[in-house]
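The chain below stands alone and is given as structure tokens, in the form predicted alone.
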Amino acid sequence: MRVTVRSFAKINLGLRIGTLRPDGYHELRTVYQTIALHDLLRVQVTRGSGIEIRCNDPRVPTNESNTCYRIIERAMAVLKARGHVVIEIEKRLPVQGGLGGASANAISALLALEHGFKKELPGPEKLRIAAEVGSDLPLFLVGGTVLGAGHGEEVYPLSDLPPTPCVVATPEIGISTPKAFADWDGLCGEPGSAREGPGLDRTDAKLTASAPSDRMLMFGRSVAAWLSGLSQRKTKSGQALSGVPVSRGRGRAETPLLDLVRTGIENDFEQVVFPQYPELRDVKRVLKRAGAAYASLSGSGSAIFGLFGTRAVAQQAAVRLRKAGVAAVATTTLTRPQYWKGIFDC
């Protein structure tokens, strides 16, 4: 059998980093949002055994460290399935870009495997395996707008929102997530330790003044206030508004998604990534000046995205970035139904 699937990217609408936990992970709070940018995967099972990864991008590992390899290995054991699994990854998303490309690849490979064998893992088992392989994987088993907690692996579907135009800029910079976390620890550590870290900008220290628990609580309150506002905008029939502007600000009609980012949520990684890569801060400024209602680093970067009121303005912003030599594309966020329909609609 051979199955072709899309592997959609995500962006982070705000990301708060909490304390380092005993298990070595940081406590996190974020809102994930799937978007239409994607890789393509072709999964084939033939006679034999083993797992083979092929990719058009030499930076993608093709051994046991690949997330696709790790999740398929686990799934084959649980499904009691046999065969030689070949996974071809047509990479369109940047590597180390903060768009969840590797995690999305793994989940799409798993879904393709299930589709090919006509067998499905139980939902809880699928989530467990996904969380074992990586923190970002479970969100791709939900899609749409998703609240992430724990170290990102605890996922809770939020109200489905109408598609929102966005621009994703992908500068040719690879950022190591473990290093970004280490730099964050340096910034928030004992007095003097942050100053010893290379490239850290103390001008943003006021944003780290609150205790980690207080900052996590503030993020939770922002999301809760937004959800409360959504419930108050429901129609008389009890159905949430979809595709209808709900508020106006700065002369533009806005969607519920833009209402969320207006609560003041931010990405903590910007405090350590931007001082080391000031060109990323410049990209964010260009997006804001081009009309983005919200612009931010996604994950630990290096992708920068902006949310716009109309697709026309988003396309103009993407053109502006490309003229400046920065790879950028106009796209849209995906609702949960669009996400699931799009995976197999190849």
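For every residue, the number given is its place in the sequence shown, counted from 1. Nothing here was measured: the structure is a model prediction, and the numbers come from that model.
One more form of this protein, predicted in complex with cytidine-5'-monophosphate (C5P), exists but is not displayed; see below.
Note on the interface: of 178-186, 78-86, 114-122, 94-102, the segment with non-hydrogen atoms within 4.5 angstroms of cytidine-5'-monophosphate (C5P) in the predicted bound form is 178-186. Though cytidine-5'-monophosphate (C5P) is absent from this view, in the predicted bound form it lies within 4.5 Å of a heavy atom of just one residue from Thr170, Gln276, Ser135, Asn267, which is Ser135. Put simply, Leu28 is close to cytidine-5'-monophosphate (C5P) in the predicted bound form: some heavy atom of it is within 4.5 Å. Using a 4.5 angstroms limit between non-hydrogen atoms, His151 touches cytidine-5'-monophosphate (C5P) in the predicted bound form. Not displayed here, cytidine-5'-monophosphate (C5P) is approached by Gly24 to within 4.5 Å at the level of heavy atoms in the predicted bound form.
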